[in-house]
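In structure tokens, the next block holds one chain alone, the form predicted alone.
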């Protein structure tokens, strides 16, 4: 399914460009699109994540697995600078997303979050109508043309499989949707800005099995269009959907990256004994 990225025009307005690639310039061929180098995270004097280096391809699904408290969600919040909202948090190292230096003080955080969307564990639609939920991100970025908003709205809802379910009630409350529909709506809201990257923090864990299946199928369908990084404690889910996987662990009270690589290799032929123990249910 072809996306119509929202791009800036020379006079500073915004418009949908149906032929342009999503976001800004992609990384050179063969280079990782998301590159993390020696990332450390501190909350005050306490270190939460130590020396994480990880390369993630331009498209596909990378699953972050490991026990609770090992720094997986913390890593996600570094990538789109949600850590800026925590006064005591300090991040060191380097993170690049395509042409963007994520951690640079000169980086426009609004532009960054336009390119890197975030989906949370619990669906969090705004207490507005379905239509207003989806229009908000575009209006926040200066898009006010109703025709443009309606076109992006329909496109996003079709991408997440909601259009046929809600097209006749776009002005009803989003909170009246089921849990699975709400989560798909939140994904559609993230897609409104045609991001390059989708960060997903256990997006299925608060859903019933059927709704979880819908959302998992959706994530799988998006893998060829977006760079998806998903935190999941469901190893069976990670096996089903991930192209690459990374295991995090707590050592000396600090989250650390233990092993990463192609998902099939990590699950079937792990190199590290901790990975093998966790995958086989011996640890964690």
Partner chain sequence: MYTTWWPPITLSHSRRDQLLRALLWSCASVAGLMLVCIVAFLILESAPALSHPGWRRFFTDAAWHPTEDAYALWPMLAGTLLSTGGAVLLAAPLGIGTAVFCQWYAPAWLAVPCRRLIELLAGIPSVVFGFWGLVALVPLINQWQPPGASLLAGICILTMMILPTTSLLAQASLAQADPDALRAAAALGFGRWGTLRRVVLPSCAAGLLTAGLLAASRALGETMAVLMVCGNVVQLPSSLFDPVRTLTANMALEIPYAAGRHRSVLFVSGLLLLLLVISLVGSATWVRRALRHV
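Numbering follows the first chain given and starts at 1. Computed from a predicted structure; not experimentally measured.
As for the form predicted in complex with the partner chain, it is not shown, yet the points below apply to it.
- Taking the partner from elsewhere, residue 167 is found to have every heavy atom lying beyond 4.5 Å of the partner chain in the model of the complex.
- Contact check for residue 92: a non-hydrogen atom falls within 4.5 Å of the partner chain in the model of the complex.
- Looking at residue 113, you'd find a heavy atom of it within 4.5 angstroms of the partner chain in the model of the complex.
- Heavy atoms of residue 107 reach within 4.5 Å of the partner chain in the model of the complex, making it an interface residue.
- Here the marked residues 265, 271 and 274 all miss the partner chain in the model of the complex; none has a heavy atom within 4.5 angstroms.
- The candidate stretches are 209-217, 78-86, 159-167, 146-154, and the one lying within 4.5 Å of the partner chain in the model of the complex by heavy atoms is 78-86.
- Between the options 46, 38, 224, 251, the residue in contact with the partner chain in the model of the complex by a heavy atom within 4.5 angstroms is 38.
- Residues of 161-193 that come within 4.5 Å of the partner chain in the model of the complex, judged by any heavy atom, do not exist; none qualify.
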